[in-house]
Ligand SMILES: NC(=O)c1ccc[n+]([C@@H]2O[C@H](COP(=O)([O-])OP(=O)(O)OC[C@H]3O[C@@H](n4cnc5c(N)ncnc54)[C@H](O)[C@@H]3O)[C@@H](O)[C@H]2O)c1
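Listed next as structure tokens is one chain, alone, in the form predicted on its own.
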Amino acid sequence: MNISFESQVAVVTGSGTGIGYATAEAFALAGAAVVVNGRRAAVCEEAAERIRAQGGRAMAVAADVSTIAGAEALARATLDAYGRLDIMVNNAAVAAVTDFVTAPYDEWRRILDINMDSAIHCSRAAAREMIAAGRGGRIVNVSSIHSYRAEKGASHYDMAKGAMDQLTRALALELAPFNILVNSVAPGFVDTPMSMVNGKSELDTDWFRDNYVTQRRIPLARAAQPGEIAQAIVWLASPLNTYVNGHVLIADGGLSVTF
């Protein structure tokens, strides 16, 4: 079944690379005008150009959406260029290994700002425009299986992703009267630049192969490709989804059902 986003405008934060780029590309190839966002202007413009080279409509907006000012600037730029904002995908993210007790709070807080606060700021900015336009809309948060699983050295990341899923539920309730559906996609291991640890992909290590491939702790015995996660996001944001609301769609290849 084909999904069409003709006449719609989708904003995807953190879309210069990885899941974000695959999502922006998928929206554009299905007919949407897309806004590629990130903090690095050159990376965003290169991503937008790749989409345009495939015949899609895309513009780049560099903005730090971990701040209110950055999120509002992103929404304004979208409206100035396209005159509407129908879909907001909150994908901006960063990860780091940080000791809860000894790390400076600023380092811990940075992860919350980028992963959690960006979703708050962008959802507020987008919801205002969607309500004013009266056409409804879609907000999709990209969380993680970290929202309900813990990992050593990732307390800030775990907390931020858990907060995103709870934000999803709360906004699904608050925004339903305006026909704005809010959902989350929670990926497991995905082959993206965030998989790089000390210059090497964790998916290329004996640890990953032994635990998740050979022993099949991921029943599908592999990490996801960004496009596979993008398809879940796109469906939740699409006109085909008229009743799924406040849901966290787990996309982890079955990892969360194993011991």
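The first residue of the sequence shown is number 1, and the count goes up from there. If you're wondering where the values come from, they're calculated on a predicted model, not measured in any experiment.
Omitted from view is the form predicted together with the named molecule, to which the following refers.
- prompt: Can all three of G14, V94 and S144 be found with a heavy atom no more than 4.5 Å from the named molecule in the model of the complex?
  reply: Verified in the model of the complex; spot residues all in contact, yes.
In the model of the complex, I19 touching the named molecule (heavy atom, 4.5 Å): Yes.
The named molecule contact in the model of the complex: G162, any heavy atom under 4.5 Å: The answer is no: G162 has no heavy atom within 4.5 Å of the named molecule.
field: Distance check, A63 to the named molecule in the model of the complex, heavy atom within 4.5 Å
entry: Yes.
query: Are any of the heavy atoms in Q231 no more than 4.5 Å from a heavy atom of the named molecule in the model of the complex?
result: Although the named molecule is absent here, Q231 would stay clear of it in the model of the complex, with no heavy atoms inside 4.5 Å.
The unique member of L175, M130, I114, I139 whose heavy atoms fall within 4.5 Å of the named molecule in the model of the complex: Filtering the options by heavy-atom distance leaves I114.
query: Which one, 176-184, 84-92, 101-109, 131-139, holds residues whose non-hydrogen atoms are within 4.5 Å of the named molecule in the model of the complex?
result: Among the candidates, contact is made by 84-92.
Sequence-ordered list of residues in 160-190 near the named molecule in the model of the complex, where near means a heavy atom within 4.5 Å: Heavy-atom contacts within 4.5 Å come from K161, P187, G188, F189, V190.
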